[in-house]
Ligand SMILES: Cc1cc2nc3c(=O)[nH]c(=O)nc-3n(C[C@H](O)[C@H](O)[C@H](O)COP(=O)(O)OP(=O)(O)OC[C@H]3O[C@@H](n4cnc5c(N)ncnc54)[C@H](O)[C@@H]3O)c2cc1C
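We begin with a single chain expressed as structure tokens, specifically the form predicted on its own.
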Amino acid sequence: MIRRDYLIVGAGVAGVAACEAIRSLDKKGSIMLVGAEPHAAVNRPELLGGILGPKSSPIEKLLTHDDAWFSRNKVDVRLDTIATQFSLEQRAAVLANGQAVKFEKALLATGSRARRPQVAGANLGNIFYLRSAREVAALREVLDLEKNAVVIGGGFVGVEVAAHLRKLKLGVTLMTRGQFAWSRYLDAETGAWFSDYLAGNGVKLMLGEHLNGFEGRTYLQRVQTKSGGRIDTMLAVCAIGSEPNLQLVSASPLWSQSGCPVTERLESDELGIFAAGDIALYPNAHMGGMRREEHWDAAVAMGRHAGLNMAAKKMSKFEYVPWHQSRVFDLQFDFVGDFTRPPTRVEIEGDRNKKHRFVLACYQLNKLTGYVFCNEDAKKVQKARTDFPKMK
């Protein structure tokens, strides 16, 4: 049986940030990093642009750490490897190759997977569900062979993919259930402006439309809508959200329907077992209640904090103001705060139309819940995060 002081399950940025943090405090403790994908710590904010851009970058150039870093820091990396069992009682995990790993402390950072629609034809060829670098690279390989695409989903991934495909001169139809793009994050007036902006850049919008199914024998030939429409296309990208990878702990106290519950120290009720990244359901003093975050910055911050608490003699609280960035054509957006629901009202500073530079202060009734920055200075964004009020 293999024995390690620290077992990190999940080789995304949260898991790698935890390795960094552990090594900053514990130079000798043994660390094993287990990841299901062939690469560790892919830089996901650069993934779509790096691979779908006019000059596609190899995945190796989109990694935050190279092999030499893991070797130098004595991290035992096991990629293309799945943990199939996780025992709280025995403090051990079993890998797909049959090896058992005994650990003193563990971090679960298994990330999330793309949600698949429960409709006919969802497994046809040339329908892509983007979550991993391998999936994005597979999409890139077929783009030179296609002239048009349908993107299903009006969230961050859907809109960003639509923009990248337009830059590659594909005809793009974006289908979303919302009455405008990013309907979860924007007020109606800004949403209408943003939808017009996308249309002005050649993205055909199908608003308030639901997917009914896909047609084809082996590969995609048409997309069906609930309203009875049929779109001829041989390429579709489905971006309708994600689901946390909780299969490893599905029959344990570490599982809940909303995520893996942890305390303000990112430790579960099972002492020595931590969670970070997409699966962690943690208390947020600024936003209130228990939350899950599915963005890069949160994964880095959680992984680092969990790693420090795993190696430190005294643990500290994790405090975090959510932040996410999105680039669409020549616009850069920064979202600071809580966007689990669209705002009921906003206050705007700047001009949406002339300079495409503005700030929205978003409210639920009279409660400030977040800010949307468009093409604004990074210092302004950081100040909003630093000064964001805590729940009373």
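Computed from a prediction, not measured in an experiment: that's the story for all the values here. Residue positions are given as counts along the sequence shown, with the first one as 1.
The form predicted together with the named molecule is left out here; the points below concern that form.
- Heavy atoms within 4.5 Å of the named molecule in the model of the complex belong, among the stretches 116-124, 207-215, 308-316, 74-82, to residues of 74-82.
- Contact with the named molecule in the model of the complex, judged by any heavy atom within 4.5 Å, is made by just one of E189, E270, E294, D196: E294.
- Only one of S183, T173, S112, T233 lies close to the named molecule in the model of the complex, with a heavy atom inside 4.5 Å, and it is S112.
- Not displayed here, the named molecule is kept clear of H65 by more than 4.5 Å at the level of heavy atoms in the model of the complex.
- By the criterion of a heavy atom within 4.5 Å, P45 is counted among the residues contacting the named molecule in the model of the complex.
- A18 falls outside the set of residues with a heavy atom inside 4.5 Å of the named molecule in the model of the complex.
- Contact check for N284: every heavy atom lies farther than 4.5 Å from the named molecule in the model of the complex.
- Contacts between 263-287 and the named molecule, taken as any heavy atom within 4.5 Å in the model of the complex, involve A276, G277, D278.
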